[in-house]
Ligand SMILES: C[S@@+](CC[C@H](N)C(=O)[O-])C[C@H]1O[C@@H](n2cnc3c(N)ncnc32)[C@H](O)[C@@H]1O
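This document starts with one chain, in the form predicted on its own, laid out as structure tokens.
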């Protein structure tokens, strides 16, 4: 979901035998869900880099059915409500995150726990106008299976906008030295004010693009994001770094048929 490594100890461990979506088991999104909710309201990586960059790629959402994959604690749900979306469905692998979403927006959104690595079994075909998926796909091993489901659920002409770790940024964690090899990475982030282990997949841009194009999704826009000028007031060091180095990548795709 949500990379906020303002200060982390990189463990960068290649353990490809672990073939499960381990983000579900991370304390970051379960034990520390409430702390996480507070932390991402106004932090550098989520609030002042990822969210404005992804939101800038969305068209008018008024009256549309929107599916929020990896909804976290409902930060995007609030935005979607403000933008006038007609129906909002929020999914997250973390039961704790879903409970927070329901406590905030129970009368305005439909929210339920779902491991995205197993697809979208409760969602009807051709039902969503727009799908957003902020900082989630790096936790999923088989992207082709996910994007096949995205294609099924999107209406004809509908689109998905998603963000993920930039392949260039993650390559520093490679133990194989092979950019094109998918690797499982362990890091420790201090997003919630204390060190928490997080596990995700490092992969090439080629792998991401292949997973999209082989499943009927055409890339219509690609961005590497732009850090908000507000970050200068928080940390000039981080602002200078993020102004000169990619951290996330943002991709918009339309269903072909």
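Here the structure is a predicted model, which is why all the values come from computation and not from measurement. Residue numbers count along the first chain shown, from 1.
Just so it is clear, the following notes concern the form predicted together with this ligand, a form of the same protein that is not shown.
Student: Given that this ligand is not shown alongside this chain, does residue 94 nevertheless sit within 4.5 Å of it in the model of the complex, heavy atom to heavy atom?
Tutor: Answer yes; at least one heavy atom of residue 94 falls within 4.5 Å of this ligand in the model of the complex.
Student: Decide whether residue 105 counts as a contact residue for this ligand in the model of the complex under a heavy atom distance cut-off of 4.5 Å.
Tutor: So residue 105 does not count as contacting this ligand.
Student: If you check in the model of the complex, is residue 159 within 4.5 Å of this ligand, heavy atoms only?
Tutor: Output for residue 159 is no: heavy atoms all beyond 4.5 Å of this ligand.
Student: Mark residue 186 yes when one of its heavy atoms lies within 4.5 Å of a heavy atom of this ligand in the model of the complex, and no otherwise.
Tutor: Contact check for residue 186: no, nothing within 4.5 Å of this ligand in the model of the complex.
Student: In the model of the complex, which of the listed residues (131, 153, 85, 135) lies with a heavy atom within 4.5 Å of this ligand?
Tutor: Result of the distance check: 135.
Student: Would you check whether this ligand, in the model of the complex, lies within 4.5 angstroms of a non-hydrogen atom from each of 29, 72 and 115?
Tutor: Checked in the model of the complex: all three residues contact this ligand.
Student: Quick one: which of 224-232, 201-209, 29-37, 57-65 gets within 4.5 Å of this ligand in the model of the complex, going by heavy atoms?
Tutor: Flagged stretch: 29-37.
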